[in-house]
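Here we start with a single chain on its own, the form predicted on its own, put down as C-alpha cells.
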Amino acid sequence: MEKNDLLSRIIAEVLSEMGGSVPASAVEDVVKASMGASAPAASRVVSSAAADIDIREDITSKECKAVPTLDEPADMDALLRMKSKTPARIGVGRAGGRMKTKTLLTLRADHAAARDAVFMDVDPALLEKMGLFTVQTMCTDKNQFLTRPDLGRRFSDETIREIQSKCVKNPDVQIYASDGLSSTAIKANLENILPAIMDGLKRKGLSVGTPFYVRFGRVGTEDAISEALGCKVVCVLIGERPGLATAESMSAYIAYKATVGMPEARRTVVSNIHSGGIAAVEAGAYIADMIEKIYKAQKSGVELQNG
C-alpha cells in the first residue's frame, strides 16, 4: 500500500470517529495538508467534528454546564429540570464509546481548578485588605502540609506566643480562617462571610476575639488556638477538599471549649458554603445563630444534637 493511501485511510477513520461521515475530497485535503499543501476543506471538517465546542465560552461556568449535550433526549424538559437540581454530569451524551470533546475538556478544566485550589496560596492582598495577620502551622511548605496532617494541626511555641500577643484574651467567641485544602474557597467566600458572622455575634451581645489567618492549617488547629486564647467557642472557616463539582467550598467547624486531643464528635460543622450551595452571607448569618446556640447550651457536636 502506498504511503498516501495508508495515510488517507488512517485520516478517514479518525475524522469519521470525530464527526461522522467524511467526504473523500476532505480526506484528500487533509492528506495534502500533512504533506505541506493548503487544505481549506480539511479545516472545515475538523471544525465540524468539534462543533460542540465554542472557544469563546467558559466551559466551566454554571450556565455552560446547564446545557445538555445529549443527542435527541426523549424528554428535554425533564432533562433540563434534572440538570437544574444537581451539578452531576448528566445528559452529556457520547461520541461512539467515548466522551464528547466538550465533556472531556470540562472534566480536565475542573480537575485543573481543583489542583489549583489545593496548591495555590491565598493572595496576601486579600488578607491585608481584611486586616488579618497571618501565622503558620509547623508545616514548612505545601508538600509537607499535604503529607503530614499532624503538623498542620500544630504550632510552634513561638507562633502560640505571637497569637496570644496579637489577639484579645478570653473572648466569648474566637473566629479565624485557614486555607485547609482549598485556597480558592477562602478567596471566593471570606470577604463576605467573616463580616456577616462578626456583625451577627456582636448584635447578639457576644464578645468576639481578634480574627486572623492560619496558613497550612487543618481543622484541629482550633483546639490549640482555643487553649491559647481561653475562648469559650472557637470557629474556623476553612477550605474543603475540592472536587470536580466545585473548588470553592468552605466549611465552618465550631467547638465549645475545644482542647487538644478531644474527639472529633465534639465539633459542629456547617458545610457546602459556596455560590452553588449556601451563599456566604446567608451562611454567615446561620453560623452566628449556631454559635449563639452552642454558647448558651455550653456544648457542641454530638452532645449538642443529643441535648
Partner chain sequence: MKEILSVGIDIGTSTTQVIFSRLSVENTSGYFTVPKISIVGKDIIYKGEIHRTPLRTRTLIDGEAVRDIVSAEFQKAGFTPSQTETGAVIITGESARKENSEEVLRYLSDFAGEFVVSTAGPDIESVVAGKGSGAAAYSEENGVAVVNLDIGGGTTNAVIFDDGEAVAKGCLDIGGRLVTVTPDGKLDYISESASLVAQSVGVTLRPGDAARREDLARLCDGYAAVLEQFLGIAEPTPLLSRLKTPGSSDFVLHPKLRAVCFSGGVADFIYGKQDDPFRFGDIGVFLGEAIVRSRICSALRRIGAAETIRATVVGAGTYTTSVSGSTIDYTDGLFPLKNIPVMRLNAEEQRACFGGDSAALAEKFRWFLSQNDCRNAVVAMDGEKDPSYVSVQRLAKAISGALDPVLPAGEPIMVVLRHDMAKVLGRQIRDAVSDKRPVISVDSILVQENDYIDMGRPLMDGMVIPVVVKTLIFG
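Computed from a prediction, not measured in an experiment: that's the story for all the values here. Positions refer to the first chain, counted from 1.
Absent from the display: the form predicted in complex with its partner chain. The rest refers to it.
- Interface residue among 59, 278, 262, 244 relative to its partner chain in the model of the complex, by the heavy atom within 4.5 Å criterion: 278.
- Out of the listed residues 116, 199, 150, 158, 199 is the one that sits within 4.5 Å of its partner chain in the model of the complex by at least one heavy atom.
- Proximity of 141, 145 and 257 to its partner chain in the model of the complex is absent: no residue of the three has a non-hydrogen atom within 4.5 angstroms.
- Shown alone here, residue 249 lies farther than 4.5 Å from its partner chain in the model of the complex, counting heavy atoms only.
- Interface membership of residue 108, defined by any non-hydrogen atom within 4.5 Å of its partner chain in the model of the complex, is ruled out.
- Contact between residue 72 and its partner chain in the model of the complex is not found at the 4.5 Å heavy atom cutoff.
- Using a 4.5 angstroms threshold between heavy atoms, residue 192 counts as touching its partner chain in the model of the complex.
- Heavy atoms within 4.5 Å of its partner chain in the model of the complex are found in one stretch of 120 to 128, 75 to 83, 172 to 180, 217 to 225, which is 75 to 83.
- With contact defined as any non-hydrogen atom lying within 4.5 angstroms of its partner chain in the model of the complex, the contacting residues in 279 to 300 are 279, 280, 281, 282, 285, 286, 289, given in sequence order.
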